[in-house]
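Given as structure tokens, the chain that follows is alone and in the form predicted alone.
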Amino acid sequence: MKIAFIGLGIMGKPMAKNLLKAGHSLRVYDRNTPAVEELEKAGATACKSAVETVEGVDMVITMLPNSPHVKSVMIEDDKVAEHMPKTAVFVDCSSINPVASREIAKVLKEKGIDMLDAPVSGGEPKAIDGTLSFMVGGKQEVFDKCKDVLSAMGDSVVLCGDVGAGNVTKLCNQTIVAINIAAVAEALQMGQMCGVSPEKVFAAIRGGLAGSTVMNAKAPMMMDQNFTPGFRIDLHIKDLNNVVDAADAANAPIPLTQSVLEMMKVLRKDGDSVYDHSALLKYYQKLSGEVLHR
């Protein structure tokens, strides 16, 4: 399949590489020239603009930071939707506000273009090894047409409902991940301060009900004080702000999410939002004055 891929950041670049490995023809664009050059060396066609990427393609994929960026590329500034083939499908893998997804889909529908919102979970490691989880919103027939392409980048591809449902599901995911990371940090810090090695706590509980993928991934990072970003705190703040907006629109109570968001905002004020979201531990270390260790 001939695909346009716009957005080659931490997630987009490895995702695009996996599409090339699967045998798809790729036209790519990003403002980050080195990322474009890297994809070109891997076999993609480098383009000088977002509009140029969509010439004669079957699918347009975006992986951009937030709602304004997707709207800018597709319907406002670049107006890619006016240049892409009417037979092509637009698949937005960005994590954005579901309200924005539906606004974009409405504009595209007027032009006869189908859309899926298909945000992902798994962070950079799973983007690299092609085992992301896709949460998809859109029509069943459009989903069926695009599933094999998404499967080249992930091992779970689930249709959650109509357009917007993918991003609603992603917001649910980000809520659970954020609260889980905070709980792991809080528990390990408490355990150490009560005289028990965090490493022993982790080993003892990881196989029980408290165990989780989040714990397995983030607890070792916390104990090693390794906050190399796989998913940065500033991006998680962006997602949780979208959770707040969506929850407000639905009058849904989110007290735990609000609490973790405030913790992340403190870290951002301290200059720590560039780190991995496992650095939520730093909030507890700041309160306690004690550094977690193995």
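Numbers for residues come from their place in the sequence shown, where the first is 1. From a predicted model like this one, the values you see are computed outputs, not experimental measurements.
Keep in mind that the form predicted together with nicotinamide-adenine-dinucleotide is missing from the display, and what follows is about it.
Q: Within 4.5 Å, heavy atoms only, which of 84, 185, 91, 73 is in contact with nicotinamide-adenine-dinucleotide in the predicted bound form?
A: None of the others qualify; the residue that does is 73.
Q: nicotinamide-adenine-dinucleotide is absent from this chain, but in the predicted bound form, do 104, 164 and 246 each have a non-hydrogen atom within 4.5 Å of it?
A: Looking in the predicted bound form, the three residues 104, 164 and 246 all stay beyond 4.5 Å of nicotinamide-adenine-dinucleotide (heavy atoms).
Q: Mark residue 235 yes when one of its heavy atoms lies within 4.5 Å of a heavy atom of nicotinamide-adenine-dinucleotide in the predicted bound form, and no otherwise.
A: Residue 235 belongs to the contact set for nicotinamide-adenine-dinucleotide.
Q: Wondering, does residue 4 line up within 4.5 Å of nicotinamide-adenine-dinucleotide in the predicted bound form on heavy atoms?
A: Contact check for residue 4: no, nothing within 4.5 Å of nicotinamide-adenine-dinucleotide in the predicted bound form.
Q: My question is simply whether residue 11 lines the interface with nicotinamide-adenine-dinucleotide in the predicted bound form - judged by any non-hydrogen atom within 4.5 Å.
A: Heavy-atom contact with nicotinamide-adenine-dinucleotide at 4.5 Å: present for residue 11.
Q: Might residue 48 be said to contact nicotinamide-adenine-dinucleotide in the predicted bound form, defining contact as any heavy atom within 4.5 Å?
A: Contact with nicotinamide-adenine-dinucleotide, no.
Q: With the partner removed from view, which of 25 to 33, 263 to 271, 246 to 254, 40 to 48 is the stretch that lies within 4.5 Å of nicotinamide-adenine-dinucleotide in the predicted bound form, judged by heavy atom distances?
A: The contacting stretch here is 25 to 33.
Q: If you apply a 4.5 angstroms heavy atom cut-off, which residues in 155 to 173 are near nicotinamide-adenine-dinucleotide in the predicted bound form?
A: Contacts from 155 to 173: just 170.
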